[in-house]
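Quick heads-up: it's one chain on its own, the form predicted alone, in structure tokens.
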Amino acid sequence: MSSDVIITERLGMRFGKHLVLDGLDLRVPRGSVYALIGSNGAGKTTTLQILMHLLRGYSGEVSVLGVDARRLNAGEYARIGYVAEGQEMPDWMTVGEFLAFWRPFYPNWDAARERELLELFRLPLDRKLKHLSRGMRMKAALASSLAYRPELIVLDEPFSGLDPLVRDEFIEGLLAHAEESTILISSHDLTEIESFASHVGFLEEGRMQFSEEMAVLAERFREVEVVVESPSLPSQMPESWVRVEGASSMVRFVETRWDAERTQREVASVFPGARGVATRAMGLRAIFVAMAKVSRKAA
């Protein structure tokens, strides 16, 4: 059995003349919480819809739960939970009717877990979906996707438009009732994602810029400040330094392959008269902004 629940190889997708995905390689390890991040239009939603076989006409190879995505059947879909921003829901149904409608489709539906989710999310069984707030609708969608203990949970921008309290409750319910699942989530809410994701992939203009464990990513990025006599920048600098800027007696850059000894040696080589070096760890949002700006500058 593969250790990767999702695999894409050379995945390509066009909408007319517009290239949305350009040779995307993605691997989501079993048991991980994998965050797919990127700017608007980077191809995140398109990727997730292809994985769910909601979009066709793509090139390359796509495997979900060990099955070609083009051949996913009812049995595989019963092992997958999917919640997307703005997904259509039967507004005329009550919460109770909505859950009752889905139960027969999932042999592993867990009534006890359903009750736990209803209590955790404080979902009113007798209220129609159309009368629920956006946050409550998302909770109802998540409850219906967690009640049958899916092996894979795919979430497309689930936090969009939710207030902080509802986001916290959503995440709490997700993590408390998906401990045996693999989770793939796309989101712009990088602060929330950073608090629980184990892996992260940065998608930009349909291409994967990096894909790795969150801990490894956090370890290799640093903001560096060098105190120098002159802020003039040499023509040759290490490739791992990006967003190099000089002002007054300070040079700042982002080190993308941080190693204390190597970086110190390189700083000493590039700036022989350096009077001090300071480094700061970077959060996911800062890393994303830095790399997005580098990608756009190179385009």
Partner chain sequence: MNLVWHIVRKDVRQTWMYAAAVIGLLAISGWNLSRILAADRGSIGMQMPIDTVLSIAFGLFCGALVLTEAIPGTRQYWLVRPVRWGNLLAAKALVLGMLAVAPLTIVHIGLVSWRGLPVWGSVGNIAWNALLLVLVCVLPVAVLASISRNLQTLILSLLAVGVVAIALHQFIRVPTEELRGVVNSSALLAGAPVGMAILAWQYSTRRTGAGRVAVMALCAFLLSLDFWPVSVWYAVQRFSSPRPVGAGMATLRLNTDSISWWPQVAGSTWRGRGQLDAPYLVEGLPDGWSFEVNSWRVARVSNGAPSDLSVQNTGSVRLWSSSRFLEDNLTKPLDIDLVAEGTIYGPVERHSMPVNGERNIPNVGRCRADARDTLLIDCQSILRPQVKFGGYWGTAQVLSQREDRSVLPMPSPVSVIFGGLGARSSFESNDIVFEVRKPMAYVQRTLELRGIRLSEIER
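Residue numbers count along the first chain shown, from 1. Remember, it's a predicted structure, so these values are computed and weren't measured experimentally.
Unshown form predicted together with its partner chain; subsequent notes refer to it.
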Three residues, L54, A84 and F101; all within 4.5 Å of its partner chain in the predicted complex via heavy atoms? yes
Within 4.5 Å, heavy atoms only: does D163 come near its partner chain in the predicted complex? no
Partner proximity in the predicted complex: T45 to its partner chain, non-hydrogen atom cutoff 4.5 Å: yes
Can you check whether S144 is within 4.5 Å of its partner chain in the predicted complex, heavy atom basis? yes
With the partner left out of view, is F196 within 4.5 angstroms of its partner chain in the predicted complex by any non-hydrogen atom? no
Out of 221-229, 202-210, 164-172, 74-82, where are the residues with a heavy atom within 4.5 Å of its partner chain in the predicted complex? 74-82
The listed residue (S63, S39, Q49, S32) that reaches within 4.5 Å of its partner chain in the predicted complex by any heavy atom is Q49
Pick from E88, E119, E180, D126: which has a non-hydrogen atom within 4.5 Å of its partner chain in the predicted complex? E88
